[in-house]
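Take a look at this single chain, the form predicted on its own, given in structure tokens.
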């Protein structure tokens, strides 16, 4: 598999360059958000209120980092299970979100929305929060500070390792890799 370097924010051209199975080093800014923040964003969407963050070209990392120890920028920052965000994701993609980082499978509705809105879903390696935190160079809370680790944060990442799981062409790396494995070629 190819390893690619991508600088954020994402554009349509950058998304189209990424294929399921690509190993990617991401650099730039992402939002950190997870379950409760997604619920709050959806509540605003349902009453036609403006979102507190701009989503155009952005990537959301599904993470709730632990507090930083003295001398650290951020604590452990591993991905959380993406499926918990599935019910919110199509609405956010329709508002310009271009990418998500998490772990695990996405449902069929999210996969279809990824194609419809020319987006991409990346997986980071679960259980590696301490190592991934070393790829985060800056962290600041943007909104919903009352949610503690679930507040929306702005993270500046550098060479953050991910794998493309769902690309804008409808490919699913989990399905493709399982098929190759069953044929004994992986």
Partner chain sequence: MRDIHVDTITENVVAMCQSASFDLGDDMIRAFQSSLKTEKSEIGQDVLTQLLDNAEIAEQERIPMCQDTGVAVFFIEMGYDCKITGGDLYDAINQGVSQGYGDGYLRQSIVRDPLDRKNTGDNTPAITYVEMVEGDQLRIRFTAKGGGAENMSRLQMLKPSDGLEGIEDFVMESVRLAGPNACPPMIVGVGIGGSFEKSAYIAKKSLLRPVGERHEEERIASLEEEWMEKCNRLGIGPQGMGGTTTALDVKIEVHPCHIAALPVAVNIQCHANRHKEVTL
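Since we're looking at a predicted model, the values are computed, not measured. Positions refer to the first chain, counted from 1.
The next section is about a form of this same protein that is not shown, the form predicted in complex with its partner chain.
Student: What I'd like checked is whether 90, 97 and 170 together line its partner chain in the predicted complex, meaning each has a non-hydrogen atom within 4.5 Å of it.
Tutor: Result no, not one residue of the spot touches its partner chain.
Student: Would you kindly say which of 151, 30, 123, 119 lies with a heavy atom within 4.5 Å of its partner chain in the predicted complex?
Tutor: Residue within 4.5 Å of the partner: 123.
Student: Consider residue 134 of the chain shown here, and say whether it contacts its partner chain in the predicted complex, taking contact as heavy atoms within 4.5 Å.
Tutor: Yes, residue 134 sits close enough to its partner chain in the predicted complex that at least one of its heavy atoms falls within 4.5 Å.
Student: Applying a 4.5 Å heavy atom distance criterion, does residue 129 contact its partner chain in the predicted complex?
Tutor: Heavy-atom contact with its partner chain at 4.5 Å: present for residue 129.
Student: Is residue 7 a contact residue for its partner chain in the predicted complex, using a 4.5 Å heavy atom cut-off?
Tutor: Contact check for residue 7: no, nothing within 4.5 Å of its partner chain in the predicted complex.
Student: Does any part of residue 17 reach within 4.5 Å of its partner chain in the predicted complex? Heavy atoms only, please.
Tutor: No, residue 17 stays farther than 4.5 Å from its partner chain in the predicted complex.
Student: Could you list which residues of 88-108 come within 4.5 Å of its partner chain in the predicted complex, counting heavy atoms only?
Tutor: Those in contact are 103, 104, 105.
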